[in-house]
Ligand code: SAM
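Shown next as structure tokens: one chain only, the form predicted on its own.
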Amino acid sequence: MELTKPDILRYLSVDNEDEILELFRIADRIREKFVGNKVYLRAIIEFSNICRNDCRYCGIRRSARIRRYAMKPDEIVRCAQYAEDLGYGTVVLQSGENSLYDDKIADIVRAIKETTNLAIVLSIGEKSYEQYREYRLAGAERYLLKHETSNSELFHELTGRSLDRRLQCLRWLIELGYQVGSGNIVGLPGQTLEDLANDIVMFREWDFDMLGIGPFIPCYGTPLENNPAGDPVLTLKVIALSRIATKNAHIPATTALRTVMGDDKSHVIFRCGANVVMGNVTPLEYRKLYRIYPGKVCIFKEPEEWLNDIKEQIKDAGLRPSGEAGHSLKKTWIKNSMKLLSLG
């Protein structure tokens, strides 16, 4: 099934339940054909909620009146080791965008590589080409940098920053041989269905390795706190259409969508094309402070308990939970390794 932009717009606007369910079934078949029946388990460490940006939708924005924290490098490394002990093959290091760790990330990555067999995803925002290169040479294989919306005017209105700069960072990451993830927020105030269709077209054209797609969740204390949340069904449609359009990208059942739908509904997301899920291994004292939106699922659940629960949901969906690294299906790891060697 090859989707044109008019096809995408039609599916985004359709409200007939039978047509929506058929879309989900098509996405599920595409997922099975191009990705298989494994759902990859990733561990996420939210190591700092300090952010220099002031995005209007985010609960850890610069002007938010919240308690801030910054984990020490050795704490981050120990968390990664704990994630491997739990059976994860990939760890995601995520923080608000700040400069506190600019000269520490490479050492943290190397320490994790020296003491574990984990694949490493960085999600730390816009950096310079030289910084991305340093982190790549240290051993980071992947980078997640969501573009949020392909509408440049809306991006600037909501973030105060330039979409062109964000896209330049994504180009650098691709050039440096990272497995690159991007993604969007569904239901942003001022967003149109055409904006969402353009996002999906962009996913296909850029051929991203990973796609993070979640609904807008209004957060108290932000300028957008009184706006309605993104529609979970529309979000599922975007996931399904992105699966059909991109075929073999890794697409997570995002924490934001599981928060809106309820964590016990994760199996539904997997049957709409998702094949990845992230479990939070951040220590509780910090985890409860990384409040990018309210009501985040599993803040107070022990990582081991959550992991057992999500594995059962994956099995209930007729799929197989996997702690493998689950590298990109769009580029061979050998190709990425050769790219890394050429950077030296």
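Computed from a predicted structure; not experimentally measured. Numbers for residues come from their place in the sequence shown, where the first is 1.
Below, we refer to the form predicted together with this ligand, which is not included among the displayed structures.
- This ligand is not shown here, and in the predicted complex it never comes within 4.5 Å of any heavy atom of Asn198.
- This ligand is not drawn, but in the predicted complex it has no heavy atom within 4.5 Å of Gly89.
- The closest heavy atom approach of Glu84 to this ligand in the predicted complex falls outside 4.5 Å.
- This ligand is not drawn, but in the predicted complex it has a heavy atom within 4.5 Å of Cys58.
- The single contact residue among Cys79, Cys272, Ile120, Ile185, judged by any heavy atom lying within 4.5 Å of this ligand in the predicted complex, is Ile185.
- Note on the partner interface in the predicted complex: the residue among Ile112, Ala245, Leu158, Leu145 having a heavy atom within 4.5 angstroms of this ligand is Leu145.
- Per the 4.5 Å heavy atom criterion, this ligand in the predicted complex is contacted by stretch 95-103, the sole one of 233-241, 95-103, 171-179, 133-141.
- Residues of 111-129 that come within 4.5 Å of this ligand in the predicted complex, judged by any heavy atom, are Ser123, Ile124, Gly125 in sequence order.
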